[in-house]
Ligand SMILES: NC(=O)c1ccc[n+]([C@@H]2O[C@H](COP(=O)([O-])OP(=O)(O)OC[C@H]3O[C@@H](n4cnc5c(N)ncnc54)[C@H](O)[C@@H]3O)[C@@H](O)[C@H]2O)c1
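Taking the form predicted on its own, here's one chain by itself in structure tokens.
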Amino acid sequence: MTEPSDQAPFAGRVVVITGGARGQGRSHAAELARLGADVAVCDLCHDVASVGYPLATEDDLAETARLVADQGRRCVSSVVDVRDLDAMVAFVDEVRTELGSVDILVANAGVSALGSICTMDASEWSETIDINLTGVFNAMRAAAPHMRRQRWGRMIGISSMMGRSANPGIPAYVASKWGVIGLCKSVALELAGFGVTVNAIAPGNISTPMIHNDALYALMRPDLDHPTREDVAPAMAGLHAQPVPWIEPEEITAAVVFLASEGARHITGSVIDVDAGASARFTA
């Protein structure tokens, strides 16, 4: 294994990122590669019927792989549906074969679907739960045997401030993100004796297509026929305590880097809130 240095603290490490084609996943991939890690990214790369905005494409996934390669790091990329456990196990096993280990997992893949509890149908519920929660389980299930065997690992599940609070109109999303936190805590206890840490990050409004789309804008400003980014900014800022409507993906990446580092080796089963102060309103 390549020895880490101050400039490349993750040299010799291999990170697996689900939902890595764009947004937060791409940010994590590019930064961890810059810091010396080899990177494996996967994504669904097609739209989901219940999700009211376009999802990432194969071209997006290829661009993330290019950004990793530009840092001089090895990259494995593949179209994988995180809802498919066998596919996730096969992908992570391939990463172990191609890159030599599976050291860091960022279970980042997620979607947001809108719908009232009075009208949401079974498929709309299931698609969100299966991607956002079962997908995290599948990624952890695929990575855990490798990490336990090597007695070192970092697992990071991406939850949400909606995994610690709630809003109307997104019941499946809220339920899935609460579930991610419980899953991380359970797995943290199981793997604590094997040198593996498991934590969750709960982001606020992150400036990606998940929030910048017409469907969410309409939910935030039902009083307007065609609300714009500027129209929804005050309402978005109201979800935070600091007066900012959204946060850049790189701020979540900074938390990922910390939790994956040696400095966080005794942090496990925790939730790191990166939400412009929204967590000040939650119970501890």
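It should be emphasised that the depicted structure is a prediction, and the values quoted were computed from it without experimental measurement. Start at 1 with the first residue shown and count on from there.
What follows is about the form predicted in complex with this ligand, which we do not show.
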Report task. With heavy atoms only and a cut-off of 4.5 Å, decide whether G204 touches this ligand in the model of the complex. Result -> yes
Quiz prompt | Distance check, R73 to this ligand in the model of the complex, heavy atom within 4.5 Å | solution = no
Counting only non-hydrogen atoms and a 4.5 angstroms cut-off, does R154 reach this ligand in the model of the complex?
no
*asked:* Given that this ligand is not shown alongside this chain, does P209 nevertheless sit within 4.5 Å of it in the model of the complex, heavy atom to heavy atom?
replied: yes
In this chain shown alone, the residue from A200, V82, A142, M147 with a heavy atom within 4.5 Å of this ligand in the model of the complex is V82
The one residue among A65, L239, A56, M220 placing a heavy atom within 4.5 Å of this ligand in the model of the complex is A56
For this ligand in the model of the complex, the stretch among 116-124, 82-90, 95-103, 181-189 with residues bearing a heavy atom within 4.5 Å is 82-90
Near this ligand in the model of the complex, with a heavy atom at 4.5 Å or closer, the residues from 109-141 are A109, G110, V111, I131
